[in-house]
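Take a look at this single chain in structure tokens; it is the form predicted alone.
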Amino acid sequence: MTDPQPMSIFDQDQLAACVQCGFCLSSCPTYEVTHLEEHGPRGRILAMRLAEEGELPLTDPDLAASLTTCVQCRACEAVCPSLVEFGALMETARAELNERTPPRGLRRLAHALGFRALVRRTAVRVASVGLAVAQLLRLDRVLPDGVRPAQRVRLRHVLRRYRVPRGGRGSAPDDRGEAFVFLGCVMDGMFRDVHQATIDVLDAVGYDPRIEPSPPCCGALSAHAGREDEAHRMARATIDAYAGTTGPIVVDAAGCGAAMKEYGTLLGTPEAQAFSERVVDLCEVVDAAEVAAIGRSVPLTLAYQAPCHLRNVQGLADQARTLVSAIPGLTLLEPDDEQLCCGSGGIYSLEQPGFGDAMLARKDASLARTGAHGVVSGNPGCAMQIARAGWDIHHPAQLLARSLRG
């Protein structure tokens, strides 16, 4: 009697598409830290093949370590000549690992509380208010460096109500209809000033901004953590929330936008695909030429750091850079390793502090070499990570609002 064949885990066509050329290695931030094959995409795909062929269990400590140390920046996809969908392979690996070896002890408790809070807007708001008060009273200093947020959370921003204009068209010559600002979870709790800036920019260029409906979370963090069923539920809830509406859904967090643009692939339904086609970044609905023509001067010298999921998943790094560069008076500088991740990766910097800190140190050095006075980045994780190195972070929406509205 022959032994049963091992159950298939991964998309075998995708595994076979990798020709082990190594073009991906110089784009991989974890490989750049250690220069070990197991910390690069090529080595990780080999690990997946070993698991797929039954030569090693997926839970083998070395094999699992190779897969769990990936930051999921997907920079390898942008340079892969075989177009391997490494992100999909990695999400499959994380989901399988999470099912077979779920978190234990304090990590299990932290995951249970944290991911449960993401779908409860009140919980996120309460946590954000608590952090703002702790920072104001300097009570946050009792926290270890690795978990203490460096990003300043202003109490007046956390408690503010959104100012949503009704019926006005700002300074734009035409009415472009409704645009829905996706509030999300962390952004709505800690970065409400960014959402307000996005609302102001949309109004200034002729859209009628809306903040309702407001589903609580897109599911991106859950998908990256291998919580597949949870990510699917959040995606379906987000799609259902916007049923009956038309117009673009503007997402000012690059990671959320990337996840929502891939709902069609994630869920595999026509409804999900149609929804994904409505999701846009701010740079897709604001014209750079218009900003240059009507914007006021913003005399700052800043380094531009495109979030990984804006560059590698949405493919909008150049378009976003062009939009910010159009702001009169603004000098935008390019770091020499802009293609490499800062080490945030959602909760990656908390779970893999060795790699996260090493990537941040490299990013800090490259930003410093530009001579800039601050950094432009359009993702909350990147903002919080780079702020740990002492940088002032400017979201593109904030700079645009300052130019278009003063």
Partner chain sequence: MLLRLRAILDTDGLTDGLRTSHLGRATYRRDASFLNADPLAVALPRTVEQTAEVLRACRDHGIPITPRAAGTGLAGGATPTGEAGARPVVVSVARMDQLRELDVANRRAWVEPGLVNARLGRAAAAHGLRFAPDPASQIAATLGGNVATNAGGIHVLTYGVMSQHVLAVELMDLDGEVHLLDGRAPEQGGLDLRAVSVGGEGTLGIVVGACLRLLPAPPATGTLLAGFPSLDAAAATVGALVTSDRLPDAVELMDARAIELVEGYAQAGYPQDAAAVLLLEYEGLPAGVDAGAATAERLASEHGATSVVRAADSDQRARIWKGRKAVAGAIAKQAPDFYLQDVVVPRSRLGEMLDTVVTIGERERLTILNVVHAGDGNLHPFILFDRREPDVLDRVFAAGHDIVETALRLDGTVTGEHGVGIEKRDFLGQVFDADSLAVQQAVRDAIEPTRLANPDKVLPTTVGCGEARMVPEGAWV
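This structure is a prediction, so every number in the text was calculated from the model and none was measured. Residue numbers count along the first chain shown, from 1.
Another form exists, predicted in complex with the partner chain; not displayed. Remarks below refer to it.
- With respect to the partner chain in the predicted bound form, the three residues 62, 79 and 83 uniformly fall within 4.5 angstroms at the level of their nearest heavy atom.
- At the 4.5 Å threshold, heavy atoms of residue 37 reach the partner chain in the predicted bound form.
- Although the partner is absent here, residue 361 sits far enough away that none of its heavy atoms falls within 4.5 Å of the partner chain in the predicted bound form.
- Mapping the unseen interface onto this chain, residue 354 counts among the residues with a heavy atom inside 4.5 Å of the partner chain in the predicted bound form.
- Residue contact check for residue 43: one or more of its heavy atoms lie within 4.5 Å of the partner chain in the predicted bound form.
- In the predicted bound form, the partner chain lies within 4.5 angstroms of at least one heavy atom of each of the following residues of 20 to 41: 20, 21, 22, 23, 25, 26, 27, 31, 32, 33, 34, 35, 36, 37, 38, in sequence order.
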